[in-house]
Ligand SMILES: Nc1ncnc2c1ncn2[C@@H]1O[C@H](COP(=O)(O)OP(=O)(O)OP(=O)(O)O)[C@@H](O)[C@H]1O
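Here we start with a single chain on its own, the form predicted alone, put down as structure tokens.
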Amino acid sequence: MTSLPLLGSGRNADVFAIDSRRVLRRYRDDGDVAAEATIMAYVGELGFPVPKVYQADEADLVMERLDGPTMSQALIAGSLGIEAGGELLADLHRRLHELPPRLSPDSSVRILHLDLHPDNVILSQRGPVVIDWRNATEGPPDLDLALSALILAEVAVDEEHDLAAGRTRC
């Protein structure tokens, strides 16, 4: 356990404040963050918006602390419209899928996030930044789009979700 202030928790990890510029993301299942750190460094070097990684060690990832709400928070607050949010997600997918694969020699293969949805986009002062690269791999871009569509569809049919009302506006 850590004595650092807890900033948030997701399905698999907790995020703690280290200081004003860094956070610690610690996986609760002790997973290894090496692959996640590697893919984040790769896409970041190619200009894709990801948090800077300072250190990766076993289940701990020390990263840049981002300011701003998640895309979900902005959608719920009304500071980002549903249509603009959809365009932003589509643009992030397009930009990601324009990057060459890191490992595969197959020109049709691309970097896949496999969890790109509004909770994994921070609307920071430097623009949208994509977080949570744990599932990232290489493969066909359509798979990435399909998984995002499935995640968004699950929200749309959950009448208790704060964003479900937006399903009729798209």
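For clarity, every value in this text was computed on a predicted model and none was experimentally measured. Start at 1 with the first residue shown and count on from there.
Keep in mind that the form predicted in complex with the ligand is missing from the display, and what follows is about it.
Original post:
Looking at the partner-bound form in the predicted complex, is Pro5 within 4.5 Å of the ligand by any heavy atom?
Top reply: No.
Original post:
Is there a heavy atom of Ile39 lying 4.5 Å or less from a heavy atom of the ligand in the predicted complex?
Top reply: Ile39 lies outside the contact set for the ligand.
Subject >> Contact of Asp132 with the ligand in the predicted complex (heavy atom, 4.5 Å) >> reply: So Asp132 counts as contacting the ligand.
**OP:** Evaluate Ile122 for contact with the ligand in the predicted complex, applying a 4.5 angstroms cut-off between non-hydrogen atoms, and reply yes or no.
**Re:** Because a heavy atom of Ile122 falls inside 4.5 Å of the ligand in the predicted complex, the answer is yes.
Original post:
Taking the partner as it appears in the predicted complex, which of 99-107, 138-146, 41-49, 66-74 has residues with heavy atoms within 4.5 Å of the ligand?
Top reply: After filtering at 4.5 Å, what remains is 66-74.
Original post:
Which of the residues spanning 6-21 lie within 4.5 Å of the ligand in the predicted complex, based on heavy atoms?
Top reply: In sequence order, Leu7, Gly8, Ser9, Gly10, Arg11, Asn12, Ala13, Val15 come within 4.5 Å of the partner.
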